[in-house]
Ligand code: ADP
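The form predicted alone is given below as one chain in structure tokens.
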């Protein structure tokens, strides 16, 4: 998304820029989505290099940062064959020599590199077979080096292999940006009101755009990046806050005016344990929401096992007490079935009619459920995506609970929301993947957020250990001891799409090894994986749930939805291949009973730095919020774009884990602005209104959906 002010200059076609032209313009559009001057100027450098310092080859170590060398390329050769072919150039200076290695663009580099010529080389030192080298470094003839230098800081631009192969490399971008910046209008319009620029002591937009591409020094670069990150985060926040403003003041919602017999009877007679203070606090927040007459759109965060489902159930009873229907939508049949089983048991002997609707529901039963739902003979329906099919019609939907929100697309949630014929139903979104506050402010800035941040009393923390292959027999011995105490065990294998055949073989080999070690009749083993027929899967699951098998060998199909209080051990094979949030979800399948529970992470000896940190984090803490912070720092913005399904996030510079202070300052500026001018009609805020209109034109508006 572009936050630049709308102007004739920024809307010009990039093909008219010196250094671009029609052919390169086609490549810019196909590879980078760059069509205009505005798109190009927002193609920011990914690194700025201090080109004033040259390292000597004998100074280099594996721990060194990106370095710049000056030397002569002595030899150029290729090694390996077919896909493993690599180009090796030996660079020498007066202290020694180093190999420069490329696995791509070999043909192009063979034709352009010249043995016997002096080069400036830039790259990150790595070690291979005990020898330092540079893999895929940037190289430039020393004779032309000073051409691309302005000051001591040089910008390096992100490029694709295809564009580099056609001459559109970082240096080409540098030259185009230089030509573009030279044409910047001297009086460039701002995209922020003057009051905000002055209050936050930001440099001008024109100055920021110049300094981010051609910084005078490091301080100039820092202030430019701060300004442009602020712009991004300000407009992200103001969109979210406007949506929240519209919802809280204009979207009519159902009023749950009374706390009735169902709620009170359940609270006094059917609750299996006392509510925690956190659960009571969240219930109070939701209760107050449902009295306002405006639609509730609330995110309920809670760690695995914190009691979100009980809170959701009590909210649904509140809804039913007020004469309306409630539903809960889960992402998988297993989880929907689990909710149905547990809720039915909790509401035993209470006058609440409940049904389960999934893709597996038989036609005759489905017809009966749909009629009861439309005739208001059904109070509560639990289901999967089947709930959003056109033939599902509610008589009076008052509350929709959505479990594991990130697994549903925005349109799917919208279809459920639109099932109410008149006033919008309240929406309660539950997630068991705790979200750091920084991320919640951004991804869910238009939702009210409730957090259950304590576990029910009596829950013992799960003990987590990292073990390697040479510990396997000891691990198996430990499992035998626990099974003798009457406990049950999960052994989980990864099944990742891109290597599914190999993973499936590993799963079956692992299953055979487990069966061989834990021999019948003393031990019985179930197996569950995604390739099984649903009926076979359910049969194996039930064997384990009923205690007829002591060990469940499975893929991540058990990540959600299985609740076996007697299962107290989780063994995760190839744990280094799982993400932190997935490891945390898997671990949450145990520790649901009164017994001490264990999670054993089996991993390869050779672990990357990130993998080791992930696994060590799991061993050090059970706190999902701590884990999510580490996960966000390790992954950076990797998955976050996918999580934000409403299309509001398109951050070019800002990095949420690192830019908390800027985010909070931008959010506060947006709050202050809307408090004084909610409709953005004051003359000084015209620039904000115009920019928002420009942004709205760039994307469809799914943003107002939870």
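Positions refer to the first chain, counted from 1. Quick caveat, the model's predicted, so the values are computed rather than measured.
Keep in mind that the form predicted in complex with the ligand is not shown, yet the notes after this line are about it.
Stretch 300 to 308 is the answer when you ask which of 487 to 495, 300 to 308, 321 to 329, 158 to 166 has residues with heavy atoms within 4.5 Å of the ligand in the predicted bound form. Here is the short version: of 456, 260, 123, 579, the single residue with a heavy atom within 4.5 Å of the ligand in the predicted bound form is 456. A heavy atom within 4.5 Å of the ligand in the predicted bound form is found for one listed residue only; from 512, 274, 536, 610, this is 274. Although the partner is absent here, residue 237 is not a contact residue: none of its heavy atoms lies within 4.5 angstroms of the ligand in the predicted bound form. Not displayed here, the ligand is approached by residue 563 to within 4.5 Å at the level of heavy atoms in the predicted bound form.
Contact annotation for residue 175: none of its heavy atoms lies within 4.5 Å of the ligand in the predicted bound form. Contact check for residue 550: every heavy atom lies farther than 4.5 Å from the ligand in the predicted bound form.
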